[in-house]
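Next comes just one chain, in structure tokens: the form predicted alone.
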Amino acid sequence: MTMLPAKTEKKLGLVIDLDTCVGCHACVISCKGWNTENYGAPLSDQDPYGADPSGTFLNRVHSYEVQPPMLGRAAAPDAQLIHFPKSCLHCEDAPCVTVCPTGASYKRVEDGIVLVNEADCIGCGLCAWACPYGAREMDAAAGVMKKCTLCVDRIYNENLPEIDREPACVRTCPSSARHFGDFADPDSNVSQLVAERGGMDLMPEQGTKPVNKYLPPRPKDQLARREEEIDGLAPFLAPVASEAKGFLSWLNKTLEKL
């Protein structure tokens, strides 16, 4: 049995905002690209353009249609489409580590990141069975287990500009739905987001103490109020001139004659 550290110096992880994730899969593509080019053996694909494709991904996005609760309303509220990104949660009590027979899976003392030493992995799959989140994938070509590394080769790479020293998925997200930081620091951006928005653990009943947190989607009533606030700007966005003058006026008249 592989032992977990009693305590880690940092708790690096992600906060994922389910309210702003648009399901574009940019995080999936950037993760696949970065890790294939820079981390260990490439993340292989099998028959990617065939009838039965398969491949290894460290991050996936699932989409669900959910029905919000009635909350005293006369009519049922409209269903919401929720996009749910999922990768390794770098749990404090990671069962994937403790079942590993070779010590290939381990949790780093310095930052809490859970990694796989591919040289020691025998591809037995025990860690995948132990993970309640389905966050590990066997690479069919390499014959070893792969998982999210929090882009450990990026976040400590001093050859990169400081702005790029964060996971590829975070750097790429166009809607700023993904945030990276140290949960051990109560003043970090991720700790403050969790405190302000009621960040949640995924499947807390499993007792794994996941480091990554999710911010719940806001009710549609709140979204409607935000739309009303935007509508309040409409008078200020009206065109300054109601009729075209000069060259534009001549162009309009010419086009009308055609």
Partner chain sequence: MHPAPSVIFFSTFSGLGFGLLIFLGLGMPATTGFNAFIFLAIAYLLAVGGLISSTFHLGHPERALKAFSQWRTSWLSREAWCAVAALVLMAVYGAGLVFFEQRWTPLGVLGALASLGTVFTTSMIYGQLKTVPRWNSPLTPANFISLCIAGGALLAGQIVPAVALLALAGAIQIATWLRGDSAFANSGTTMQTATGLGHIGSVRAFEPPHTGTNYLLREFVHEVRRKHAHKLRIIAIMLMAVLPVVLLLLPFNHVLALFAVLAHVGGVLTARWLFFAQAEHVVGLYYGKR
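Predicted model only: the values in this text are computed from it and were never measured. Numbering follows the first chain given and starts at 1.
FYI, the form predicted together with the partner chain isn't displayed, but the following is about it.
Partner contacts here mean any heavy atom within 4.5 Å of the partner chain in the predicted complex, and among 154-162, 139-147, 180-188, 167-175 they occur only in 139-147. This chain is displayed alone, yet in the predicted complex one of T36, S30, Q206, Q192 has a heavy atom within 4.5 Å of the partner chain; that residue is Q206. The closest heavy atom approach of V61 to the partner chain in the predicted complex falls within 4.5 Å. When contacts are judged by a 4.5 Å heavy atom cut-off, E92 does not count as touching the partner chain in the predicted complex. Mapping the unseen interface onto this chain, K86 counts among the residues with a heavy atom inside 4.5 Å of the partner chain in the predicted complex. Contact check for A119: a heavy atom falls within 4.5 Å of the partner chain in the predicted complex.
In the predicted complex, the partner chain lies within 4.5 angstroms of at least one heavy atom of each of the following residues of 89-115: T98, V99, C100, P101, T102, G103, in sequence order.
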